[in-house]
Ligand SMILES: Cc1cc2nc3c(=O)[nH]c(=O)nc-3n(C[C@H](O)[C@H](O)[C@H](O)COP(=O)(O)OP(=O)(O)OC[C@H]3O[C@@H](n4cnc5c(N)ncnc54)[C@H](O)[C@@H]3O)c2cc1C
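In the form predicted on its own, a lone chain appears below as structure tokens.
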């Protein structure tokens, strides 16, 4: 009897991505939320944090009180992880300091059994690419692992991942105070006289401002917090004075509106308005800075233009509160689709570009507006906003919830918005009809 041999079944080769984790850059609120969301879907995350603990960047401005209450600051999946511990959830309407956000939420979250072994501290991601492929190679790209170059205390190492979520933030990369966006021409001679946004005016940095004249540059909420602190210091220490310089002709975005659904944000703006109205803060609007140079007697001269004429402001200290920009150098080998203006994902940009959408209210959104040409690569959190302002943590939590569903293969859930954000109630285009909102 003749036996007919049957062909053996053809087995698909195992994917090179099998067994690899999803790499998350940054152990801040959004990064840890991403890890918690992935774990709920049975997906293994690994978190790389440049600092020594969770929320290291927030600790740098930990003296600042947030205007979002706790109800908007805690991610759902993260809360469920913490629910299995002795953690006590803060009061929903409480307004924490940045240090309290770290100590009462992020540090306990990072210490949960589920996350503690999946976070690597003092691990700064310096570059992201594909294993053996730069950005020019396309064949098989989506099935090729990501390659991450990581600087650790023991030197650089390379690690692989099936997907990457960049939540590294922007606090370490501030915008220039120069109107053109260029670095200061004489940076070296004045760098000690220019302070990063959100200095600790009432605490560690008090001596730097007490009895001196400070120029605060910028028209955002970081500037507002610093202005209020400096005005208070001026009532305590003779000789302390504060000037506020903005490029716009109207600081309405800082002043806000009584209709703001975040009461603390509205209060922040109204306090600044009152201080300007009372003369405690000298406002110079329409001022475009060109350079800062060293002057005599330890002063610095801030040189710029206002109403077509040259204007020079003499000051002891300059606080640069002009916002932040994303560090894109680490992503040179990744295929990104970024808006040319605000450097946010192209589909997200029209929602946040202050030239087009100036109310400060951004609709909740997810993976459909965060995607890039690079498969399974996402930028989330503050960095996803590029150079635009108005980011809220709740926005970031919805972003990574959506991304986690997408990675898990649940496309419908990934595209179903599950969040309604509070309105600012302000429109800064000059159109009083409110149509831009």
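Since this is a predicted model, take the numbers as computed values, not measurements. Numbering follows the first chain given and starts at 1.
Unshown form predicted in complex with this ligand; subsequent notes refer to it.
Chemist: So which of 273-281, 185-193, 118-126, 340-348 is the stretch with heavy atoms within 4.5 Å of this ligand in the model of the complex?
Modeler: The contacting stretch here is 118-126.
Chemist: Against this ligand in the model of the complex, would residue 171 count as a contact residue? Criterion: heavy atoms within 4.5 Å.
Modeler: Residue 171: yes, in contact with this ligand in the model of the complex.
Chemist: Just to confirm, residue 45 within 4.5 Å of this ligand in the model of the complex by heavy atoms?
Modeler: Residue 45: no, not in contact with this ligand in the model of the complex.
Chemist: In the model of the complex, is there a heavy atom of this ligand that lies within 4.5 Å of any heavy atom of residue 67, even though the partner is absent here?
Modeler: Contact check for residue 67: yes, within 4.5 Å of this ligand in the model of the complex.
Chemist: Since only the chain is shown here, I'm wondering whether residue 407 would be in contact with this ligand in the model of the complex (any heavy atom pair within 4.5 Å).
Modeler: No, no contact at 4.5 Å.
Chemist: Which residue, 289, 266, 81, 330, is the contact with this ligand in the model of the complex, using a 4.5 Å heavy atom cutoff?
Modeler: In short, 330.
Chemist: This ligand is absent from this chain, but in the model of the complex, do 219, 302 and 388 each have a non-hydrogen atom within 4.5 Å of it?
Modeler: No, none of the three is in contact.
Chemist: Mind listing which residues of 56-76 have a heavy atom within 4.5 Å of this ligand in the model of the complex?
Modeler: 56, 57, 58, 61, 64, 66, 67, 68, 73, in sequence order.
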